[in-house]
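We begin with a single chain expressed as structure tokens, specifically the form predicted on its own.
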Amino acid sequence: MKKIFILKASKAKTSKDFSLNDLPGDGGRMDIVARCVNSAFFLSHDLRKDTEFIVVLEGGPDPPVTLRFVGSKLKYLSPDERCTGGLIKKALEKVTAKETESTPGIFVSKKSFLEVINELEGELVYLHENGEDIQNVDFDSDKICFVLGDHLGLSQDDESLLKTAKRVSISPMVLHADHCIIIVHNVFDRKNL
């Protein structure tokens, strides 16, 4: 089963002009993005090949910018935020309207959150604390797209794009986005999906 995680990063910078020493401040909470990348892919001594991670960066100076990480093609990724931040900086040097591969397995484009949602293929799932418990949900596809917000969540306009999505909860508590990704992986690992 292929899992795709989509994060809307409301404040994350859309240029390479941020310090790797200050991903939370100077990067516009780029630390959240880096943690989500690591949670999406890293196993002990391996990467999840069946996973993609898509992030729509909506901070200044020129939003939106979308980064797509493909587990089966990723190279040069290490499990520390600075390394991930460095690969993001490289990707932000190559932003064009057409999706471009910046380094192996990392693709960059000017797609908006709306375009990303409209282009998704597979079952659309909105991770939300008020959704149906993931343990009770039957998934109907071999490709599942999980949408989640950053520390600011999704706006009402963003949520309106997800009207047809299953609303699924992994906890009654509001969790960090990177923790949500790990919990989803754990649920599917235990079901051997």
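In case it trips you up, residue 1 is the first one in the sequence shown, and so on. The shown structure was predicted, so the numbers you read here are calculated from the model rather than taken from an experiment.
Absent from the display: the form predicted together with a further copy of the same chain. The rest refers to it.
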Which among 158-166, 62-70, 127-135, 140-148 is in contact with a further copy of the same chain in the model of the complex, heavy atoms within 4.5 angstroms?
-> 127-135
Report yes if any heavy atom of E123 sits within 4.5 Å of a heavy atom of a further copy of the same chain in the model of the complex; otherwise report no.
-> no
Using heavy atoms and a 4.5 Å limit, would one call D80 a contact residue for a further copy of the same chain in the model of the complex?
-> yes
Would H179 count as a contact of a further copy of the same chain in the model of the complex, using a 4.5 angstroms cut-off between non-hydrogen atoms?
-> yes
4.5 Å heavy atom contact, S39 to a further copy of the same chain in the model of the complex | yes
Whether M1, K111 and L114 all lie within 4.5 angstroms of a further copy of the same chain in the model of the complex by heavy atom | no
For 30-50: residues with a non-hydrogen atom within 4.5 angstroms of a further copy of the same chain in the model of the complex?
-> D31, R35, N38, S39, F42, L43, S44, H45, R48
